[in-house]
Ligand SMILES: Cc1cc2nc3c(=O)[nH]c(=O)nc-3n(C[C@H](O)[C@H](O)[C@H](O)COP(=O)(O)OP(=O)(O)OC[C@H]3O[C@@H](n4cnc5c(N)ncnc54)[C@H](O)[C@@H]3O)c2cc1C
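Form predicted alone, single chain, as structure tokens, below.
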Amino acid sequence: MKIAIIGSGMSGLACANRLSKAGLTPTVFDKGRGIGGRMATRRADGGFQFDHGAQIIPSETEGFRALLEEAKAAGHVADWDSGDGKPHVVGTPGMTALTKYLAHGLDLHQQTEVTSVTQTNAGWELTADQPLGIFDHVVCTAPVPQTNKLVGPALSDPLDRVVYAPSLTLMVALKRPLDAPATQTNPTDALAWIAHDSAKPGRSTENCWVAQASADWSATHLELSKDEIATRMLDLFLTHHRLDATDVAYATAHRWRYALVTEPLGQPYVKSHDGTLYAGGDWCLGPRIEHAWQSGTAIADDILRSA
């Protein structure tokens, strides 16, 4: 059985990992240079490192907790005492580590943007800048707008009820230590989340901070250039901590257009009427990493039941 998976974020890799463990050999395509989707780690000149997407890895279900325990034993995640009185789990040495753990041994093709998915008598034909082959099953784990563009008409249910909120992220390295809590959360503030990224376990740099704007602030400023976003968010960060621009060693911003699912689909996946094309992701069940894992795992299980 030939299976193609579009997207190497948590959903796509969870699906591929489960299928691989069952003896199948799925092929994973992703348009980006690295894996992980929003479980992202940015490395910059000067030795700076930032988790500029998902910050922590909450878990509520037995299956996902078991995965985290396996990854912890292998050294890919660790507990983080941020000082806020709540237990947190993070990837180590960066948030991409958990997805790298899942991706080990898989057939991955990065920088390969699938541009068409066409059903033929022989199966599903995938095309990028060149033909990618014909597959018996296709799993699309892209955000809803891209999924609709690629495979929407072939799905049995529309995805229009899914709603996202954007997130703008500032990454800033300081020239001196900052006397502030390792995490600062205020959902109503322009900077809704601030974290001392270097305080997480396994980090090799110091004085690296990540700030994520609120959904409202992000939506208002979403279409600004990244330089302008960085300038405005840095001003908020410096004012908040009573710092001066001379204290800054490095600063940049990132735009997550489809960051947080505010209204999920309400089911773990959608498939075509003939059961050979699937779509899933965190947008199916909720905004957390665990929701993405649940969706990808449920798709794999359904494919295995029909095999």
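Numbering starts at 1 and runs along the sequence shown. Everything numeric here is computed off the predicted structure, so don't read it as measured data.
Unshown form predicted together with the named molecule; subsequent notes refer to it.
- You can rule out all but one of 255-263, 41-49, 241-249, 270-278: in the model of the complex, only 255-263 has residues with a heavy atom within 4.5 Å of the named molecule.
- The closest heavy atom approach of residue 212 to the named molecule in the model of the complex falls within 4.5 Å.
- Though the partner is left out of this view, residue 148 does not reach within 4.5 Å of the named molecule in the model of the complex, counting heavy atoms only.
- Contact check for residue 94: every heavy atom lies farther than 4.5 Å from the named molecule in the model of the complex.
- Taking the partner from the other structure, the named molecule in the model of the complex has a heavy atom within 4.5 Å of a heavy atom of residue 53.
- Interface residues of 1-38, taken as those with a heavy atom within 4.5 Å of the named molecule in the model of the complex (partner not displayed): 6, 7, 8, 9, 10, 11, 12, 29, 30, 31, 32, 36, 37, 38, in sequence order.
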